[in-house]
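Just one chain follows, in the form predicted alone, and it is written as structure tokens.
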Amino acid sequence: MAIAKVCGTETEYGIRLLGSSADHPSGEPNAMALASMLVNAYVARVDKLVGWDFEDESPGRDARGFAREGSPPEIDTRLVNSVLTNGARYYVDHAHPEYSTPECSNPIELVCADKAGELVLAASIEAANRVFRDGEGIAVYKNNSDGKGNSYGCHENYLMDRATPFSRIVRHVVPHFVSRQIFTGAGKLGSEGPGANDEVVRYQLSQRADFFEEEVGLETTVKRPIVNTRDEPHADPRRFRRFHVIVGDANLAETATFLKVGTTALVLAMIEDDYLSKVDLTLANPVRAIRQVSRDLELNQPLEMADGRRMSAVQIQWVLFEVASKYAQVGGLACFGDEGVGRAVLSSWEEVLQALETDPMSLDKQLDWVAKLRLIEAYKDRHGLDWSDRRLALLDLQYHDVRPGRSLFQRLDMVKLCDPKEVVEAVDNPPRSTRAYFRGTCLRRWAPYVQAANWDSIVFDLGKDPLRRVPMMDPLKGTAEHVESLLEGCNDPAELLERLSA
């Protein structure tokens, strides 16, 4: 039986300086300084900054059985790398502000946590911009490329059974990753990256497709692979694998995020249970196919399969959906914890595939690439513009603007899956269904006594004793059900540690 698909996202946001200083390079802070300023402005509101514990970081370990030699990555200690009371991590990574959601037990919970991250960034902008003169400030974008050939990621993470052969994961997940762009793409005007000038691309489904050059590999910033092999479980390595996904777009539309995570969790569960053993969707050239899918606005481009067949991305997704529907009938939705959430994933998956097959533009309230395309086409036609007009590129960028008063996305009547009040609540409070509850609650109550924290442990400093590390090696332990009464019954962290020891 497939294990619970605990999940999370890591989103790198685009950042730029606005105003007169931006017109004078000598007076403009570099991107890393801007990102640090942004994160600092947000965490300055807390009594004590709780930093990230890098003790167990091992980004060079490869799921294929080898490890890159060398020490853990060097960390610039001047940059803020913080843990928030909602269990999230907020920090500077590769000159971008990055928000990693707390661990979530199902896709709808993750949608809520992901949208809370957008509110954190918006609050950060407001706080940081207080130091600028009128007309100047920082702008932040939830997108994946800067239009100059540089891409930054939105990564996904899924809890998997360590016993599942990695080769089996690769075989079955690649066709899903290549084809799921039809509902996960954030939309992109033009193209960039390797081979971008090979053809004229007015608009494409995905912001990330241009930047993938390998089928399988360890890298995340160069020669990006469709399947990333980083083996850093952030949990008991004997039992668990953290499947690290770098091939997705950063979505604003809640339906797109829900399907991106929900369908992938279901495919991974089927892989664990070896339910796809009789399904062969192997692509002849996945790297070429991922770009073909992204550039196919008609959604009917036949992709060459390894066995000589030809199938479109929609057809591949229909095959996966049909198998998943049968899987659900034999009890395969336990991986979501809540079967209702699993049923919602299947229902939304089917509804969206039907619309993509008949009238893709009818999904303009559910999918980012459709909503943005409708905006751009309307503006282009109204003003009689050519596709190369710079104003369309600015429109593309403004769709992703995190600032409430500037975001084009926020002006649209998009489908909402989460109650906005719950999203606001998730800014400061962790999910109750994973170990993020223990981490976040300890930080909210006893931050002055927390020396550092990471995904699988918290380090307490009581002032007189040696530092005390509390391990959290199971993502489904430390939930409200497990520890709420314990935490409420302790007056201070010393009492908590004593009771945990007992």
Partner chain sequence: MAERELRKRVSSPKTDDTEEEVITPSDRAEKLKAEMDDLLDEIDEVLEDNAEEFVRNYVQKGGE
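Since we're looking at a predicted model, the values are computed, not measured. Numbering follows the first chain given and starts at 1.
Note that the form predicted in complex with its partner chain isn't included here; everything after this is about it.
Interface membership of residue 148, defined by any non-hydrogen atom within 4.5 Å of its partner chain in the predicted complex, is confirmed. Residue contact with its partner chain in the predicted complex: residue 99 places no heavy atom within 4.5 Å of it. Though the partner is left out of this view, residue 419 does reach within 4.5 Å of its partner chain in the predicted complex, counting heavy atoms only.
For the chain shown alone, residue 170 is not a contact residue for its partner chain in the predicted complex, no non-hydrogen atom being within 4.5 angstroms.
Note on the interface: of 323 to 331, 426 to 434, 88 to 96, 281 to 289, the segment with non-hydrogen atoms within 4.5 angstroms of its partner chain in the predicted complex is 88 to 96.
Distance criterion of 4.5 Å from any heavy atom to its partner chain in the predicted complex singles out 398 from the list 301, 398, 129, 164.
Scanning 119, 297, 305, 341 against its partner chain in the predicted complex with a 4.5 Å heavy atom cut-off leaves one residue, 341. Highlighted residues 236, 459 and 477: none comes within 4.5 Å of its partner chain in the predicted complex, counting any heavy atom. Scanning 357 to 392 for heavy atoms within 4.5 Å of its partner chain in the predicted complex gives 362, 364, 365, 366, 374, 375, 378, 379, 382, 383, 390, 391 in sequence order.
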